[in-house]
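In C-alpha cells, the next block holds one chain alone, the form predicted on its own.
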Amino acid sequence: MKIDVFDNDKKNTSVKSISLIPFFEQEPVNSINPSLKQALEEIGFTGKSSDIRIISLPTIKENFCTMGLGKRDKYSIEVYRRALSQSLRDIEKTGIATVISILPGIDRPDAEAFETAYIAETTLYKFSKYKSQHNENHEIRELLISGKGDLNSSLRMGQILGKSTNYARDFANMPPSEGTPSYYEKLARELKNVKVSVIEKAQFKELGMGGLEGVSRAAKEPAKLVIMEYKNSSDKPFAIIGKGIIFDSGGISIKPSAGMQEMKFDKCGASAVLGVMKALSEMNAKVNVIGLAPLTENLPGGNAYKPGDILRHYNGKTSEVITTDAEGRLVMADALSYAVDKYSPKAILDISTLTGACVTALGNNIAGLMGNSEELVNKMLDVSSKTWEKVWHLPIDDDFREQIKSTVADIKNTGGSQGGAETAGAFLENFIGTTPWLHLDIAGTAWTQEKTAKKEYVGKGATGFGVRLLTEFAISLFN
C-alpha cells in the first residue's frame, strides 16, 4: 500500500477516491460540504465514538467516510486508533482503493500522521499465503494524508513500524511444519545491515546449553539459536531475547488436544524480535541491539527429555524438570546467560509466551512485566503508555524464589499453579546475573482468541505485540 501526503493540486480526478473525515460528538459541522452536511443530518450522524458512516453523493461525484471520535474531552490517541481502524475496514468493503484521510488536529500533526500510517498497515494486514483464492479488488492501495506541516518522515516511520509488525505476524502465523527454525534463519539473513550468526543443535551440548539441548531432543526440525546484531552506536548493546518454540505439544507432559493448534503461536516472542530488528535497521536507528531467538519444537518421543530430568544450563546452574510443558524458560535460560556472557549488554530483555498464569492474572490485552531495575521498569511503563501494547508490573520476591527451589538441583522449572507468572520470572532471574533486566510475558497478548476482547486493529491471528513497544523502548535507551 502506498502511503503519502495528500496534495490537492495533484489530485487525480479520474481515480475513484473516498475522503475520511473525523468528527467530534455534539460539535457543529458547518465547515464541511453543504451536501455532506445535509446527508449527515438526514441519517442522524452524531459523531459518537465508533459511529462510522459511508456516504456516496452522486450529485457532486464524491464519497465520504465520516468517523465519530466521541466527545472531545474524552478523546485520546487510542480512540483515534480504534475509529480509524474500523473506518478503514468499512472502506475496504466498498472496493474504493484510494483514501484521503484528514487528521483529527488534536495532537501534533506528525504524531497523528505516524499513528495513521502505523494503524493502516496493521489494520489492513492479511495472512493469505495459504488461501487458494484472494480477492485483491477490495484492497485499499493508496492512503493519502491531509494535514499541516511536513509529514513525510512521520509517515515513513509509521509505515516501517507497521510493516515490521506485520513481518513478525507473518512468521508467527505460519504453520509449524513450515515456520521452522531454518525458515526463521532465512528471514533473519534477509534483513538489511543485520549481522546474523547461528548456533546449531550439535553445538548445544558442547557449549553447555542444557536447556536448549534437552527441549530439542525429540524435535524433528533442527533447533537453532539465531543471533542478530544491528550496530549503529558505539554504546554497549541492548540484548533482546525472544522465545521461539515453533510448536509446543507439551512434550512428555502433553497438552490436551483441544486448542493445541494454537501452539504454533508459541514462537511469537522470537517473531517479535525479528520484527524489532527489521524496524531498527530500516529506520537506521542510532542504537546497538542484539536479538537472540532460541528456536525448537517441543515434542514427545522415545528420546525426549522427561519429567525428573536435571538440565545444566550455560551459566552452570541446574534445573529439575517437573513438567516438560514448562519448556520456554529452559531454552530462554541458555539464551539469556549466553547473551550476558558474550555481549556484556547495558540491559537485557526477554519476551515470551511463557505462562497461562499471566493470562489468568491480566487477561488478553495486557502483558506481564517483571524485572530487577526500577529505572527500566518505569521506562517501559512510560513507552507502553504511548502505544497500544499495554503492560502491568508484577513482583518477583523471595516467596516466589522459594517456590522454585529444588531438593536435587539449584531450581525447578515450575513452582506450582499459584503465582505461576512470577515464579517463571523468578526462574529466569537466575540467568542474568547483575545485568539490568526486564521480562515480558505475552502469553495473553500474542494472538487473538475467539472469546477475548482485542484491539480492533490487529484482527485475528498473531498480533505482533512487542514490535513497536520494543523498537521504541530500544531507541529510548540510546537517546
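Residue numbers here begin at 1 and follow the sequence given. Note that the structure is predicted; figures quoted are calculated from it, not measured.
Absent from the display: the form predicted in complex with a small molecule. The rest refers to it.
Q: Answer yes if any heavy atom of Glu320 is within 4.5 Å of a heavy atom of the small molecule in the predicted complex; otherwise answer no.
A: Contact with the small molecule, no.
Q: Considering only heavy atoms, tell me if Ala188 and the small molecule come within 4.5 Å of each other in the predicted complex.
A: Taking the distances in the predicted complex, the answer for Ala188 is no, it never comes within 4.5 Å of the small molecule.
Q: Considering only heavy atoms, tell me if Ser271 and the small molecule come within 4.5 Å of each other in the predicted complex.
A: Taking the distances in the predicted complex, the answer for Ser271 is no, it never comes within 4.5 Å of the small molecule.
Q: Does Thr414 reach the small molecule in the predicted complex, with heavy atoms at most 4.5 Å apart?
A: Taking the distances in the predicted complex, the answer for Thr414 is yes, it comes within 4.5 Å of the small molecule.
Q: Which one, 332-340, 204-212, 260-268, 112-120, holds residues whose non-hydrogen atoms are within 4.5 Å of the small molecule in the predicted complex?
A: Going by heavy atoms within 4.5 Å, the stretch is 260-268.
Q: Just one of Ile252, Val79, Ala326, Ile96 has a heavy atom within 4.5 Å of the small molecule in the predicted complex. Which one?
A: Partner contact (heavy atom, 4.5 Å) among the options: Ala326.
Q: Which one, Ala239, Leu354, Ala279, Ala172, lies within 4.5 Å of the small molecule in the predicted complex by heavy atoms?
A: So the residue touching the small molecule in the predicted complex, by this definition, is Leu354.
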